[in-house]
Structure formats: C-alpha cells, structure tokens
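There is one chain below, alone, in structure tokens, taken in the form predicted on its own.
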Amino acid sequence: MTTREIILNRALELFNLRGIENVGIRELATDLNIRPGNITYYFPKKEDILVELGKQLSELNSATIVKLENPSMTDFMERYRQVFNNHYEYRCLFLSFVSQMQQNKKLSENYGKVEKSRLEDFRKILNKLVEAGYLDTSVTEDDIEQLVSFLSLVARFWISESTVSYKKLSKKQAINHYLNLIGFVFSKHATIIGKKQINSFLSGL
C-alpha cells in the first residue's frame, strides 16, 4: 500500500469515527505518526482528501449500479442494498453532506456531475422495469420522476436520519429499515410479479 493510500484509508476511518469537522491535517498526521508535510505533499488541504474520498465512493457506486439490460425488481433491490453498504463505508460524507456541499467547491462540482448521470440511470432502470412488467403500465413519467426523487432523497439522508432517530440499530438493521421503506413505496406501483419479488427480497433480509 502506498503512502497516499495509507493516508486516505486512515483519514476515512478517522472521519467516520470522529466526524470530518473534528479531524484536521495535524490530527491525522499525529495519528499516523508522520509529519503534516508528508500529508500535504499528496493533499495540500483537508478538502483535497475529501474530494478523493468522494471520487472513491462514486466509483464504488458506479460499479454497483451497472447498466441493467433486463432488470428485475430483485436486481433493483439488491443493488440498492449494496449502494447502502457503500454509503455506510463513507458515512462521514453524508453526515456532513450539507456543509461540505457549501464549503468544498470541487467536491460539490463533482457531486453535481455524478448526480445528473446517476438520476438518468435510475430513470432508465425504472422505465425498463415498467417495460418488463415489474412496475405497472399505469406508471407515468411524473410518477417516475417522483420515484427517482424519493430514491435520491433516501440515498442522501438515510445515514443522517438513522444516526439521529435509529441510533440503536446496527448497520444491517438500519440498512434493512430503509430497504423496507423503498420496498413499501415501490409495491404501490408494482405488478403482481413485481410485488412478489419485492416481498421475497425483503423476507430474505
């Protein structure tokens, strides 16, 4: 493992443990038993570390949300489970989401670009679920937009809500709670086979 990778891995661990706002370059250097200059050689500012962590998460999610040619509701739910697991590994970014979007221009710009592409991917997936008979043909484009907005909202803020309102839940329990929420909402628009796949997936959690 390179020095750069060691810095990033430990930064993520400390940010998750203590919060982004409570760990600076000096604290990270002390923890790693190196000089602050060894960190700033690779990352001149803490914000640069966060930009890189954001890229890592984006790449992880891109590998998870693959282009599905023939998606089923099971595929959709399973991929969302993995997305939630990805988010948990980088939970510090979501716990400080609003402040980082306001303060870290590069991170915000990167997020904006990824978000636009990601939302379009989900629109395509949901439309394919309609075409494949898993979501009802009565689902309109407006419904699709509402569902995409719902998914985006849950993805951005489930960790914050869970940390405040469900702090006694384990990681798995928290993820399962939000998967059940997604399943409940999508069941309202699902066909009989779509509902069966949702129920089967949720019963196996």
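So that there is no doubt, residue numbering starts at 1 and follows the sequence shown. The structure presented is a predicted model; accordingly, all values stated were derived computationally and were not measured.
Separately, the form predicted together with another copy of the chain exists; it is not shown, and the next lines address it.
Across the proposed site, L153, F184 and K188 without exception bring a heavy atom within 4.5 Å of another copy of the chain in the predicted complex.
E52 falls outside the set of residues with a heavy atom inside 4.5 Å of another copy of the chain in the predicted complex. By the criterion of a heavy atom within 4.5 Å, Y42 is excluded from the residues contacting another copy of the chain in the predicted complex. In the predicted complex, no heavy atom of E27 sits within 4.5 Å of another copy of the chain. Another copy of the chain is not shown here, and in the predicted complex it never comes within 4.5 Å of any heavy atom of S117. Taking N38, Q56, Q146, T64 one by one, only a single residue has any non-hydrogen atom within 4.5 Å of another copy of the chain in the predicted complex, and it is Q146.
The listed set N33, S170, S165, N70 contains one residue whose heavy atoms approach another copy of the chain in the predicted complex to within 4.5 Å, identified as S165. For the stretch 89 to 113, the set of residues having any non-hydrogen atom within 4.5 angstroms of another copy of the chain in the predicted complex comprises L95, F97, V98, M101, Q102, Q103, in sequence order.
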